[in-house]
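Coming up are structure 1 and structure 2: the same protein chain in two forms, each one given alone as structure tokens.
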Structure 1
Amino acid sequence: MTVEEIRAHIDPIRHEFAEARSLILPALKFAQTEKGHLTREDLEAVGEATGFSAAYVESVASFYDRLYLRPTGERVVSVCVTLSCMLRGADELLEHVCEREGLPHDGGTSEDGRITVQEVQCLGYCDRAPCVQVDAEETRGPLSLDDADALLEELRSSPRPERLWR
């Protein structure tokens, strides 16, 4: 994404934000629509468009789970590991999902490029713990290990939906 494209996107909404740094998030979200993740060039372009250093932009991007600093698979499964979910078996759930997809224990992208698993901090779904979020859109829980198997089957067999960032 070029600086000009990002500027064209954020200039009309600039007035909505009291502080310039608040523009970084919409700019990053927009920059991500191109490839589904953010490259170093994107971070630099967002920095230039918003007036912040690329390093600062990266620190914002790395804070949010729905901004991806690496290429993702077609479907993204985010497993919440914060307290409520942890107490209800999130660690086992994460391990199970990763094992099934042949990934290291803290996630990654399956070899066929279909599924990305990541652990995330609180999804705000504590009453349905343990929970996962699919494609940063739909949150499901509580999930047993069998439910997780079924979910992965479903994701593998269903086409990629229009996502927020595409």
Structure 2
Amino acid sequence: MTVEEIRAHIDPIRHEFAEARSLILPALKFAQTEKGHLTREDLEAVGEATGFSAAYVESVASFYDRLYLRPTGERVVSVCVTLSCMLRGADELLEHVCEREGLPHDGGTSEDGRITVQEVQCLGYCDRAPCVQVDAEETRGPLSLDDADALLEELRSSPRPERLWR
């Protein structure tokens, strides 16, 4: 992602933020949409576009679990493991999804790079536990193991999204 592309994204929304450093998050989220994760070059481009050092930008990126500093799959499936979901089978759901994708019990990225599975804390869907979120946009629940199989098949059969919003 280039500095110009990032500026083109943040300049129209710049007036919405009282402090310039608040632009770092939307700039990082946008920079991540190209590859699904942030590279050193992306961090430097965000730094230049926002007026902060790459080191400062990286400190922001490393704080948030939805900003990825390592490659991820084309689709990211986040399984909520907080109390409500745990009491309604999140551990079994996470283990099932990981097993189906050939991953260790705590997640990772499938060998073909299509699916990343991760555990996350509360998604705010406690009344629909256990739940998962796809690409930090779509939350589904309650999810049975059969529902999870159908979701993974759906994700695998769908084309790669043009932009990888996370």
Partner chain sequence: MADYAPVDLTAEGQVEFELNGRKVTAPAGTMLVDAAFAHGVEVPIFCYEPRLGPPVGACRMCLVEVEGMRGLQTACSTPVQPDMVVRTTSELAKDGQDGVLEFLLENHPLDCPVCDKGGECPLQDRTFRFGPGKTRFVEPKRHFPKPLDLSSLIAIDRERCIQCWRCVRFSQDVAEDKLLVMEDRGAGSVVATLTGDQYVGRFTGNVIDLCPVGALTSIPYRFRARPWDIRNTPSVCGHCPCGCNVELTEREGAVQRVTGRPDPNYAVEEGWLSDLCRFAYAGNDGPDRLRAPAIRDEGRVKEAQLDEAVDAAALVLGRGGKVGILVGPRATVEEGFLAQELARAALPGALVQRLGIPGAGLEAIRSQPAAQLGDIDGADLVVVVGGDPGEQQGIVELRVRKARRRGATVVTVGPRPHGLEGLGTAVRSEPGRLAAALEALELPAAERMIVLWDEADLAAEPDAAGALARLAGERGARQIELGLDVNGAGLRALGMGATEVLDAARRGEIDTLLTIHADPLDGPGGPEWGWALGRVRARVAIASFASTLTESSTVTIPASTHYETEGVYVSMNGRAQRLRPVTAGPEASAPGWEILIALMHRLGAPPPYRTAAATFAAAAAARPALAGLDYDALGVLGAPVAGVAPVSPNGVNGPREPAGTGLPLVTTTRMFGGADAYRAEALAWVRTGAELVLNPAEGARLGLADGARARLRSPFGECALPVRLDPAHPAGAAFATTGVPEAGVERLLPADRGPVRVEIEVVG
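Residues are numbered by position in structure 1's sequence, first residue being 1. The term rigid core refers to the most C-alpha atoms you can superpose between the two forms while keeping them within 1.5 Å. No experiment lies behind these values; they were computed from the predicted model shown.
- Here the chain appears twice, and structure 1 is the form predicted together with the partner chain.
- Within the set Glu92, Pro71, Glu137, Glu44, Pro71 is the hinge position, where C-alpha fit passes from one rigid part to the other between the two structures.
- Two rigid parts move between the two structures, and the turn of the smaller against the larger, rounded to whole degrees, is 26°.
- Superposing the rigid core and comparing between the two structures gives a CA shift of 8.1 Å at Pro12.
- The rigid core superposition between the two structures gives a CA shift for Ala55 of 7.6 Å.
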